[in-house]
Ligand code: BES
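What follows is a single chain, given as structure tokens, in the form predicted alone.
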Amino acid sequence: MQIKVRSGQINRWQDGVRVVAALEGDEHPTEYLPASIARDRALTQLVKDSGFRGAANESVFLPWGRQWVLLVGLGKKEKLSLESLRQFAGTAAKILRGRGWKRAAFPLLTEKLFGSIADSAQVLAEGALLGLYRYDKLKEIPKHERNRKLEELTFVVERTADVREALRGVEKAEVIVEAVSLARDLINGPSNIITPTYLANQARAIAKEHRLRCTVIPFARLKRLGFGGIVGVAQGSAHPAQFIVLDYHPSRFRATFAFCGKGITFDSGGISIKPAAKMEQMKYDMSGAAAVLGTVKAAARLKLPFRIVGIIAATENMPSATAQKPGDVLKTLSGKTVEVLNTDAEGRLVLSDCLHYAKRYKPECVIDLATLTGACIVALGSEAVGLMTKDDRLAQRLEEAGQKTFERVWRLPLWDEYAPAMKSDIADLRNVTNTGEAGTITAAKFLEEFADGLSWAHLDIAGTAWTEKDKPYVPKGAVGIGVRLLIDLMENWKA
């Protein structure tokens, strides 16, 4: 789909449907729109007479002159935010496509509350493009559905001087949405296609396209080099593990970031096998890896002034005659030994090697992303990412980025009192506690053992990486969470 920016008055726009936003409640329904709409008494009266309340994402088609207007609610005035615009645009775009419209025009909401013109244009474009995403690569689409494509959106600004800034926001959104869509495709894809080798080839393709460095360490070499965490998990699978390093290294950079992604392309639980119910969803256990690939790709296209190293441990976790067993002890890349009490706690094992490997780049910041614990879903549900770090400044930066992108994080304690639960009687560490308490936090305490000396944060995305229901700009399935969060974190990074 193409997005254009034009100057003019949307009430005079003749090409396609005009999309209009309205507030909920007794306020003037077009208070936050350009003056040309706010002055349109006929539209204002039409809205009032329709019974439209303006609740968030409520919608109705109304006749406006010889054309149609799609009215979409913004919700209550006191709750307006950039996220309101994303949801507004995502809701509108999906409705337009569903009705078979090819073109539509949006007024660019430019109230100070929404930030700069570029910010407003970016979030509107993000909402529309992300809302139109669907994974249909593996099924036949009925002809009437194939023809339903929203081909063009025009954002209308009233001042010609604002066109260039709005275009900058749209272009940035297109880059970010492409990266999020890549992540969604990788997560939604079935595990017989999205194998560790497939992820490695995707990294190579990104490197080739953007002239990045890509290193892939195959399974046999991982064994020789002592990557005991990923080797222990991978040894039960017929698909060989791949340790992937994707390095965006501009000639001049202000800081180095290392992003580590859990890349379990299918998690059966291993010998400690999972229940059959919803096991098919365990293809999304590589959501952290998908987010890392998308983030590096977007950063390269945006030419961010940072060195960014994406580190991914990609493998399946399968039961077989060669799989690791409860009670086995493995030696990680750091040299620390781990007693494996539960083979379904495999994400922390592969990440232990990623975190230790990241130290060679001397990064200013290391963040790992992982669908790590079911306990995080119990604690936070599907609305917040679990954040654990001892770096208060890094936590604040992630919280601010989360609010802006609506990929919100919630900080949990990482107190030293939790550490003894991860000590083993026969090895340096155990991979699960024997109490079952504080599962999300103790998993992070395990990872902390391999992040010593680093400014490090752990993001548990178990509850936020996959959705069971359609949302305004997130269709059912893979969310692609993490890409927008990390890009915003870096863009606003100050030493």
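Fair warning: this is a prediction, and the values are worked out from it, not measured in the lab. Residue indices: 1-based, along the sequence shown.
There is also a form predicted together with this ligand; it is not shown, and the following applies to it.
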property: A345: touches this ligand in the predicted bound form, heavy atom cutoff 4.5 angstroms; result: yes
property: Distance check, T373 to this ligand in the predicted bound form, heavy atom within 4.5 Å; result: yes
property: Interface membership of Y284, this ligand in the predicted bound form, 4.5 Å heavy atom rule; result: yes
property: Partner contact for A462 in the predicted bound form: this ligand, 4.5 angstroms, heavy atom; result: yes
property: Single option in L82, I377, A323, L182 placed near this ligand in the predicted bound form, where near means a heavy atom within 4.5 Å; result: I377
property: Residue (of V432, I441, A457, L70) lying close to this ligand in the predicted bound form, criterion heavy atoms within 4.5 Å; result: V432
property: Partner-proximal stretch of 345-353, 245-253, 296-304, 401-409 relative to this ligand in the predicted bound form, 4.5 angstroms, heavy atom; result: 345-353
property: Within 256-283, the residues that have a heavy atom no more than 4.5 Å from this ligand in the predicted bound form; result: K262, D267, K274, M282
